[in-house]
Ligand code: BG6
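Okay, so here's just one chain, in structure tokens, the form predicted alone.
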């Protein structure tokens, strides 16, 4: 993974489509400010915003600086000084991404005028827009020659979702690849930029005490939980067309699963790591739509209580249909059919309005073949577990058996915990800062390749098909609970249960 920008990236223009949108203000501009403040933004970068709102260059610069100040809690003068020190230039072009004339004006602006007196140099095109505009923007850039790398790199950065099913994902890929090569396309999944997600690789491949146990001989099953205590907030219209499976499982969950269960790469570089992730995704059994019904539970939250405060149900949320069938909770039982993991169930679940915001991976190990401590001596003993906490309290917890002090030889399960904040005092980049830095540096390790996107859609498509019928097996759960009770039945063996995260 890159640590410093290359010298040839000093003269770079970051073109932000959707420059006045919520995502740009909440994530992208604070990431730029963070890079500028830490001195990791190359000198002389230009930020060129494109959006329909009318404003001039100075107004655009002011909105960026205000967004940085709001995100950091620092005064605007400090942000402005950081940008000035890096000699950042702000420019703005009013126009619609759906209008071809916008792209002719953009080409002129990048060349320095309609006569094109200057080479364009390096360009990073960042699409902070609705997915419906991805193809139009690619077409517009391609039509005016801005996809060609005659005088510098051209990188095309897109946010999820990458399609809404397999067919649309394949169409989008074909469309983008009319103008851009695969190496030029950077698909963002901000989960991959979390330090703890990247530390999965460090835990597995730098420690001899863990990797030998990372297989079917020792692991009984794997659980992945991505829980949120928030509802849909003001994203009801988006969520109605997405749902939990598309919004979280197809991307975040599949990426975390692949990193957790993939084979060791022969080298820690982008292509070798992404090759192994794809191999793992291809090993996941793809059920028929009928089988998918038995291997999944979908739910929707109703009114309940979160942090002692009453909250409304999903169907009462803003911009949500009163009879909505959209799922806010998904649980799946997956099987990985390869030498390492054959026969090891993988349970994944995600949901909104659950008791807490938490993301974790749990590996439960097989029990000992013979337990000499019977009855009350071992009633508090549980199977060994390794828990990787992705958020909010990043760290690792190892659950194992230990003797309880006293005369009787009684044993119980205890935890040995490691917290990144307490043990490693260095501060890393946040997700978007890391991804923006890597995109500028040309490091694709934390971005998703085309074959990863397509394989993830192949895995989830049968569930979408199975749920397409009216009602679709939708189960309801109260906000503030861990989802529909029927999800417990998804765990296929007697005695298995969803792990309740440590809150």
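Fair warning: this is a prediction, and the values are worked out from it, not measured in the lab. Positions refer to the first chain, counted from 1.
Just so you know, the form predicted together with 6-O-phosphono-beta-D-glucopyranose exists too; it's not on screen, but the next bit is about it.
*Run the contact test on 333, 482 and 496 with a 4.5 Å heavy atom cut-off to 6-O-phosphono-beta-D-glucopyranose in the predicted complex and return yes or no.*
Verified in the predicted complex; spot residues all out of contact, no.
*asked:* Which is the contacting stretch out of 82 to 90, 183 to 191, 69 to 77, 339 to 347, given heavy atoms within 4.5 Å of 6-O-phosphono-beta-D-glucopyranose in the predicted complex?
replied: Among the candidates, contact is made by 183 to 191.
*Using 4.5 Å between non-hydrogen atoms, is residue 364 touching 6-O-phosphono-beta-D-glucopyranose in the predicted complex?*
No, no contact at 4.5 Å.
*Taking 4.5 angstroms as the cut-off for heavy atoms, does residue 248 touch 6-O-phosphono-beta-D-glucopyranose in the predicted complex?*
Taking the distances in the predicted complex, the answer for residue 248 is yes, it comes within 4.5 Å of 6-O-phosphono-beta-D-glucopyranose.
*residue 298 near 6-O-phosphono-beta-D-glucopyranose in the predicted complex, any heavy atom under 4.5 Å?*
Answer no; every heavy atom of residue 298 is more than 4.5 Å from 6-O-phosphono-beta-D-glucopyranose in the predicted complex.
*Taking heavy atoms and a 4.5 Å cut-off, does residue 399 contact 6-O-phosphono-beta-D-glucopyranose in the predicted complex?*
No, no contact at 4.5 Å.
*Only one of 175, 357, 279, 204 comes within 4.5 Å of 6-O-phosphono-beta-D-glucopyranose in the predicted complex by heavy atoms, so just point that one out.*
Flagged contact: 357.
*Only one of 252, 274, 155, 389 comes within 4.5 Å of 6-O-phosphono-beta-D-glucopyranose in the predicted complex by heavy atoms, so just point that one out.*
Contact residue from the list: 252.
*Could you list the residues in 142 to 173 that come within 4.5 Å of 6-O-phosphono-beta-D-glucopyranose in the predicted complex, counting only heavy atoms and keeping sequence order?*
If the 4.5 Å heavy-atom criterion is applied to 6-O-phosphono-beta-D-glucopyranose in the predicted complex, 142 to 173 yields only 160.
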